[in-house]
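Shown here is one chain on its own, the form predicted on its own, set out as structure tokens.
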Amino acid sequence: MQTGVDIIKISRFEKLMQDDKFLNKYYSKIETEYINKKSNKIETIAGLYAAKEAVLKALGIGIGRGLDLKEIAINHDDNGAPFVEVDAKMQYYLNAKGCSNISVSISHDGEYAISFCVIN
């Protein structure tokens, strides 16, 4: 089992959320559609970013060292629970860790968004 956690100050994303280049560089189509449906866009953007970083930490790799942040796609089930889309590239990294499952949780409170990832 591997874990990763990331916490982000939400205000870091106030200016960035206005920049379509930022969204297109770091967020998948599924994520940008999800962001655009939310009334709390800035919290959503920060939470998804924290989740992506938590996934990288759980996998034991850093940003730009095999997976780009855009390649880590966080989707949501019918109940709103987040999950990581596992494609062939993500499966490669899971296999390299001897793992087959990846779980992620995202939370917001006040000025901060936090995410926790577990792979096993």
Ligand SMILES: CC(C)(COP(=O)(O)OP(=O)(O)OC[C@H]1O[C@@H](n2cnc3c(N)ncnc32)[C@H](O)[C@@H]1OP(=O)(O)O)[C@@H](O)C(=O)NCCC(=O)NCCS
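Numbering starts at 1 and follows the sequence shown. Bear in mind that the values here come from a model prediction, so they are computed numbers and not experimental data.
Below, we refer to the form predicted together with the named molecule, which is not included among the displayed structures.
Trainee: Just to confirm the contact call: exactly one of 89 to 97, 52 to 60, 72 to 80, 25 to 33 touches the named molecule in the model of the complex at a 4.5 Å heavy atom cutoff, so which is it?
Mentor: Careful reading of the contacts points to 72 to 80.
Trainee: Exactly one residue in N101, S107, S11, Q18 has a non-hydrogen atom within 4.5 Å of the named molecule in the model of the complex; which is it?
Mentor: In short, S107.
Trainee: Would K37 count as touching the named molecule in the model of the complex under a 4.5 Å heavy atom rule?
Mentor: Flag for K37 set to no.
Trainee: Output the sequence-ordered list of residues from 1 to 22 with at least one heavy atom within 4.5 Å of the named molecule in the model of the complex.
Mentor: The stretch 1 to 22, when checked against the named molecule in the model of the complex, contributes no residue at the 4.5 Å heavy-atom cut-off.
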